[in-house]
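Below you will find one chain, with nothing else, as structure tokens; this is the form predicted alone, and questions on how it binds or moves follow later.
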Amino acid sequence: MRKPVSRVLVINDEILILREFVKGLNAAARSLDNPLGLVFLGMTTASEALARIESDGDVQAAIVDDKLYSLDGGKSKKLQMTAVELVQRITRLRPEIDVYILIAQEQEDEVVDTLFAEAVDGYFYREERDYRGMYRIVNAEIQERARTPFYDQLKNYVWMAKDSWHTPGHSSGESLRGSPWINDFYEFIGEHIFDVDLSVSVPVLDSLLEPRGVIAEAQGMAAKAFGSRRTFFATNGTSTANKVIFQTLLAPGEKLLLDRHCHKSVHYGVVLSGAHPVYLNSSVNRKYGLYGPAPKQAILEAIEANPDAEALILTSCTYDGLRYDLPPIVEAAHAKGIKVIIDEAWYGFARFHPAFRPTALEAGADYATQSTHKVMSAFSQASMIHVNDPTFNEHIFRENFNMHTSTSPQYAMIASLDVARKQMMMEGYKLLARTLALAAELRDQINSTGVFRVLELDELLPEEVRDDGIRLDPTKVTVDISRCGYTVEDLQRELFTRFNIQVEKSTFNTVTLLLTIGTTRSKVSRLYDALMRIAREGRAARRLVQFPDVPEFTRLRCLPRDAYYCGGEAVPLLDEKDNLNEGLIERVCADQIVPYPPGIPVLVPGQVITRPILDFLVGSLRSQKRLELHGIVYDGYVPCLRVLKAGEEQGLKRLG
């Protein structure tokens, strides 16, 4: 296994002093314990140091002289850059690395007060030359960042090999090991997955429901890494994380502003919290069947029209990589006292490379939910909730968190969150720089096929959001497949069966590829080879059938929660002659009806049904295109909608 390398930059303009410092610190590194491979490098200018920090992902710390000068025409000294300015620039570029300042002892009070308003981890006296002491401090701080308190404790406990007289029932895999029926599962999964599958019966591993030990410590380290005041580990995915926040911030009947293309968990959260949703229609790129962000103007108008709203939730970035210009939106919401929640499920890595920032928290959001498992090295369902809300009510949050969280969480999942945080702090910048390079390379390769074409930001943006300052996450690559001679379903099947390639998602004429920190050049090469082979087949382009747009939101007659919890009745979508059932027009839906793709609800509980909605649903059912309609009730083979009965509707409070 490769050992880590940790480079530490020493930045000083006096060459002789710099050489002495670097020589002394490297001598200390060789003579003392050095598990993380610390190596000290000398830099004489701030620009040289910044260039190295930007280009070298293994730089883990910097020791900066408090005054950096350069020779002016060989005669006099000129100040290059103050330590404060350099620290600020380092922090903007790589907030995760440790920064120390070299100061003169007689200037301690003056310098320290100024510097400690910045992100400085400590200071050393220039005159002391205590290289071993300096090395120990720098080494200890890097090791502190590299710790994984929960994972380390879990591993230590497993090595203790205690006899288990508690849950779970497999008892560290004993129930499977040697079984003539299921031993193959044990061998396939591996023994350690059962060793670490423990329970709250082991106090040294802490409790996710009331963390006071290693889980609390791991969450605290995650908060520092991701730039939040508080961070909570979630083992039910971001779907549950969104619901927990809703129930914390919203009482029944209170308003929530939300973009309509939010993940369906957001819409379920509306039902559970009893919120009064104010829906913002998504922008639509009709040429490619893509649903984008809600227009900025529509969001600002909704904020202005609903100053009594408690919260606003937006998805940034979207599934296709489109990112809101969040700061002005957050500022407008906060001006009205509205909390801002950002679903960052697809963008949790953004803190660790300047190409992706600002993150939602850096833009001022109160809450950010992240699917750590989607884009970092955590197990499926492992997510994080980050909190920067200055009026955060921890007691209410904790009660709601515990309401949704299993009392038997998967401990391997918690460990994977701890490990994912460590990786992003220690090598996230380097891995993301590699991913960005591979994304650029893949774009060029796909375009070189002459048949497949990567869509850039201008082509992805719906017309109504072109001036909204939206940016593109380059790790989401959307490919126009319309000239390849295959339907999108046939192309996906060809890639899967012939080339062993599975793509992330598709529309009628695009496929989306997701690059992650686990993407390798070999995978990029195999994908390019597959697309080039298909391109060389020279198939004639086929007519691709575009599916109708999801109808715009109509109106709510009652709160979604009230409608959902009514018994209702199932009414057929089609009459006896197989025509659209007009008796459904103006009825109130009791369920969430979601066509997938694109996954945007065409109906939510409490919404009034109109003819365009019925036309869309019937067209979807009759389409030859592969499409799922979640929420449809079947009476035998007859598709039905669950709608409110007249008496139920009369008993509910009407909206508007």
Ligand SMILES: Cc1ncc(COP(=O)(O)O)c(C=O)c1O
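None of these values were measured; they are calculated from a predicted model. For every residue, the number given is its place in the sequence shown, counted from 1.
Not on display, but discussed next: the form predicted in complex with this ligand.
Interface residue among 263, 557, 323, 476, judged by heavy atoms within 4.5 Å of this ligand in the predicted bound form: 263. Residue in contact with this ligand in the predicted bound form (any heavy atom within 4.5 Å), chosen from 231, 148, 283, 239: 239. Contact check for residue 343: a non-hydrogen atom falls within 4.5 Å of this ligand in the predicted bound form. Of the heavy atoms in residue 339, none are within 4.5 Å of this ligand in the predicted bound form. In the predicted bound form, this ligand lies farther than 4.5 Å from every heavy atom of residue 273. Interface membership of residue 374, defined by any non-hydrogen atom within 4.5 Å of this ligand in the predicted bound form, is confirmed. The stretch among 300-308, 415-423, 492-500, 344-352 whose residues place heavy atoms within 4.5 Å of this ligand in the predicted bound form is 344-352. Along 378-392, one residue reaches a heavy atom to within 4.5 Å of this ligand in the predicted bound form: 383.
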